[in-house]
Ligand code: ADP
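Okay, here we've got a single chain as structure tokens, the form predicted on its own, with questions on binding and movement later.
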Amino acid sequence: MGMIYNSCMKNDPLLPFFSPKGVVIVGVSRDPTKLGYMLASNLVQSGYQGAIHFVNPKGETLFGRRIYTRLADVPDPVDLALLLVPPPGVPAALEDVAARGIRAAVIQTGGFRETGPDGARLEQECLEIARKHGIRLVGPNCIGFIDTHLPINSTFLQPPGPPAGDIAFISHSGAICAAVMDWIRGQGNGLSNLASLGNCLDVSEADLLPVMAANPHAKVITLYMESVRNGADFIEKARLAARIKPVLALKVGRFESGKKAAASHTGALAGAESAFDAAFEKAGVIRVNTTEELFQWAKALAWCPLPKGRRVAILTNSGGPGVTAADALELNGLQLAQLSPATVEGMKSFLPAAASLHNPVDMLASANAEHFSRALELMMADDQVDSILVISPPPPPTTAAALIKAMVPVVLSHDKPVVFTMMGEDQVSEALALLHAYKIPDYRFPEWSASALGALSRYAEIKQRLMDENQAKAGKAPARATALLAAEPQGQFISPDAATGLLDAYQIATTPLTLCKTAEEAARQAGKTGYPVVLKIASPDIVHKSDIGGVLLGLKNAAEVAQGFAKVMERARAAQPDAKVDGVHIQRMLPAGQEVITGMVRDPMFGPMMMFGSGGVEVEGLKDVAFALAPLTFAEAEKMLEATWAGRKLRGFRSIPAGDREAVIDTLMKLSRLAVENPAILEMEINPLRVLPPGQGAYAVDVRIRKS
């Protein structure tokens, strides 16, 4: 394993964490009740073949090895230091690490940022020392690393360690690591690597993703995350990793930025979890909801080939679980396969006449091992079946183990995913052991199997998308856009003219606004614009104009415009007496069409987050919205449309005529470029974006842009 890491990480400063030539424990203990003793014991008993050194000022020996009183006396080779000393002593220990020429250290001691301001200051001191000397740090407040294939165990957790397996696990929580190690032993699979990052002072989850992606023993990368330190770095590295192997993430906790006050609908609807969802989608990371789901899905992804589609065949000897599975497949975005006539006729030749041969296939309780294996072989050969779910409660005529023995050769001889639902516990234990030995995924209930198959299909589509898709690129903002923004004051919404000018600079279709300060001026401008027109109150202090009756539509002549001017001015004074009112805006009235909303809010972690959904006055009530991170590709913009009713009905629905979907997608992509190329923009929104019939475009009717 060391050779593998050396070949793919030859000059990587993280190499000593994964393939060290020698390890030193600073703060080792001879007391079996101390963590320093457990750490030494695990390292020695793990089978690690490199040099192992111990340091403690008291000296003596441990496990037949000398305990050095000073790090300076430790002989070569040594390129990784494990620090388990009291928090106040960590800075001095790091100076000793630097003096010894070691450039990789794991601070396993707790008592830093997680304890308060004093701990945070101590942590910062450690980081400054590390940066001064070019030391990479893991931790503090972490349990260490495990590689089951090297092997090495640099944790202080109670033995035994996890069984060797295919799943890499990166965690911000040491306690979760301990629980997972114990739990996974009973699940039939194991870990290739475990990395506890603690406070992520230096080395982060993003830093480890390329390492795990390059490790051939890790078939799946799993993450337990509480936050992300650098959003852009995480997305870039996760995206590259997901092209190679599945990346699953359990994100817990909440994110402060989601609680900020927002002036637009987009800002109000966006939050921390929306940002993480958008980031995972951009990166190709599959987000899970529970720790159990994390590893149940990982088992299938590690052990199964990827399906070619979402069509699933169910093979069972019991009708009830088959129906349960069919429902669960639909809930997971899968569909029942339509078995080919050849498959159905083939099963007729050996199954009872009462058997149900149309998916789900119920062979009845009398089905024996031969029935299962022959039916499975037919399904495997059926081009209309992408994956197979086998369900068996303990069968009356034979043992569960006999069923599995008959089916294993069929599973192994085909490149099609099969998952088993072996319902029960004691009566299926021998069968489970066989499945585990051959790395065939098993679950206790049909819902879990369907969920795992859903994860397989999702990753197959993600991988294909990432391989096919050229990442969206942003360039330099047009000079006109830069000049317009520079002329606007900071910390507030820019003028309507500037907002319209920005959209024009990115060739986003608008209906220009003209400011009029008197009723007479408004009537003259309406004549120039051409009737019918829209009249809107012009006030930087009135955010949602329609809420106060400040928008009048379809005005047909000068008299209606003059009367409208007086009406909206009166309404503005009544609703917000202190608001600054500049007059009204006159705007061309567009033909009838569908109305949608699109916008952006700049997330402090991941950058510009685009929004699309149902527009008009009901946007916050309906909450029919989708988010994605900028810049957008065509496929990403189209996916936002498909995720919302607002986007789907652009194809037309009953009495609703179709809208210009291509124009909406084009607007979303251009708006995302505007967001990326102009970092001074904090928030923006087009509401509504009027979508005309196909080929006639989409127009920004009302736009608001807030500068940071």
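Start at 1 with the first residue shown and count on from there. Note that the structure is predicted; figures quoted are calculated from it, not measured.
Form predicted in complex with the named molecule: not shown, discussed below.
A single residue from the set 553, 344, 240, 412 has any heavy atom within 4.5 angstroms of the named molecule in the model of the complex; that residue is 553.
This chain is displayed alone, yet in the model of the complex one of 474, 515, 483, 543 has a heavy atom within 4.5 Å of the named molecule; that residue is 543. Stretch 532-540 is the answer when you ask which of 492-500, 532-540, 132-140, 69-77 has residues with heavy atoms within 4.5 Å of the named molecule in the model of the complex. Using a 4.5 angstroms threshold between heavy atoms, residue 688 counts as touching the named molecule in the model of the complex.
A residue is said to contact a partner when one of its heavy atoms sits within 4.5 Å of a partner heavy atom; residue 193 fails this definition for the named molecule in the model of the complex, lying far away. The closest non-hydrogen atom of residue 590 lies within 4.5 Å of the named molecule in the model of the complex. Remark: residue 595 counts among the residues lining the named molecule in the model of the complex, judged by a heavy atom distance of 4.5 Å or less. With contact defined as any non-hydrogen atom lying within 4.5 angstroms of the named molecule in the model of the complex, 511 is the only contacting residue in 499-514.
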